[in-house]
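Only one chain is given next, in structure tokens, and it is the form predicted on its own.
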């Protein structure tokens, strides 16, 4: 559409694993710059594989991923590292170094801009430390900067992971089931901060979620995968009971996170 600014255009993306499993089967969709896009589907539908193919943690078998109009689906070597820096990722499990302070964990997002020797000695530029603290403030835990990571709650640790990803200075933030390990009350806190990052920084977010109630509250747009194929794309509020059963299977029951 004329005038639209797309940061990603995915065309006929396929992923077949060495064991023959076809995880993605010709998936195509576009992502607008600054959008909060959510991907839904059953476990095994291809959601996590899709995110990993976008930032090249997995190599796509076929298709294109146009990132700022450049196809990154099959780049090699240093270009793959650059893709992963510009498309940061947070996971269901927080992957923090538990014995290190929160600020040290966040600063690992700046490793690509810091020499190996300085990083080993914990010597980061003052500008990097300042920016890391700003991101901790943004996700509401600036007062925890010098606390050991293992002394934080699960929700706080996920917010550290968000701040660490932001320190990479990405253009896209990928979130793979970011609230799956959290209790329902904490889910909304983490999702609120992801939305804050999206709106205040204008950062494009692509997020896998299980709970449709969260999708309807936070997503600008949603795509649904089933058996590796895209089966729905549009407004999350238009997913009625019939669409829910088509995506999740007949007899599936929606679970609400209040």
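Residue numbers count along the first chain shown, from 1. Given the structure is predicted, the values throughout are model-derived calculations rather than measurements.
The same protein has a further form, the form predicted in complex with a small molecule, not shown here; the description that follows concerns it.
Contact annotation for residue 49: at least one heavy atom lies within 4.5 Å of the small molecule in the model of the complex. Using a 4.5 angstroms limit between non-hydrogen atoms, residue 68 is distant from the small molecule in the model of the complex. At least one heavy atom of residue 23 is located within 4.5 Å of the small molecule in the model of the complex.
Although the partner is absent here, residue 177 is a contact residue: one of its heavy atoms lies within 4.5 angstroms of the small molecule in the model of the complex. The contact with the small molecule in the model of the complex, taken as any heavy atom within 4.5 Å, belongs to 42 out of 42, 57, 201, 62. This chain is displayed alone, yet in the model of the complex one of 196, 210, 216, 229 has a heavy atom within 4.5 Å of the small molecule; that residue is 210.
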